[in-house]
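A single chain, nothing else alongside it, follows as structure tokens in the form predicted on its own.
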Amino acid sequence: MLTVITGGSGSGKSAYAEDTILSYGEGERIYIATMFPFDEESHRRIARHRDMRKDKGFQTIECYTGLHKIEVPAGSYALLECMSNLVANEMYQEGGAGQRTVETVLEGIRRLEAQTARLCVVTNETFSDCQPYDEETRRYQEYLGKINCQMAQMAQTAVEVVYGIPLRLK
């Protein structure tokens, strides 16, 4: 069962996603971390998220690219955070999927959903600020948008978190 959780930066989507996984009850909890620690800010964000899930029983798997290669225990509850980081990694990191990002990431989501009892994927809403962006940023938004749309179609549940309030879309 797939749940997609979206929202803007600082919306509370991470806390909501963790609470969603915890609400499933006892079971093996897997946290798939996608943020590559490339600068001071990313190190701070990673530390904050580790602190948020401390003592919640998550086993962390770091996955910057190659989601389709991940193996998790059958029947586990998995939380993938965050799709926007994974897409950027696949597009720009050496060894990433490059132009095959959309297909590669969706293959990974399908494989994870088949392995788990429940899969929650956190993604970002990056499309409403109406800013003119350069070609590379527009390509990133296009890839992330395609992935988000496909995941929402595949998902049994889709939620947008706004100001810490979950709004069920599906």
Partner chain sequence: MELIVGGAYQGKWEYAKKMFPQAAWARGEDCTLEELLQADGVYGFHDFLGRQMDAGEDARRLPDLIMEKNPELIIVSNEVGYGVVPIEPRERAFRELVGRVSCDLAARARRVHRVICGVGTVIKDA
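Positions refer to the first chain, counted from 1. Owing to the predicted nature of the structure, the values given are computational and were not obtained by experimental measurement.
A second form of this protein, the form predicted in complex with the partner chain, is not displayed here; the remarks below concern that form.
- With respect to the partner chain in the predicted bound form, the three residues F36, L67 and G108 uniformly fall beyond 4.5 angstroms at the level of their nearest heavy atom.
- The partner chain is not shown here, and in the predicted bound form it never comes within 4.5 Å of any heavy atom of Q153.
- Although the partner is absent here, L22 sits far enough away that none of its heavy atoms falls within 4.5 Å of the partner chain in the predicted bound form.
- Although the partner is absent here, E125 is a contact residue: one of its heavy atoms lies within 4.5 angstroms of the partner chain in the predicted bound form.
- Among heavy atoms of Q115, none comes within 4.5 Å of the partner chain in the predicted bound form.
- The stretch from 55-63, 23-31, 100-108, 134-142 that comes within 4.5 Å of the partner chain in the predicted bound form, counting heavy atoms only, is 134-142.
- Although the partner chain is not shown here, in the predicted bound form the stretch 21-60 places heavy atoms of E41, R45, R48 within 4.5 Å of it, in sequence order.
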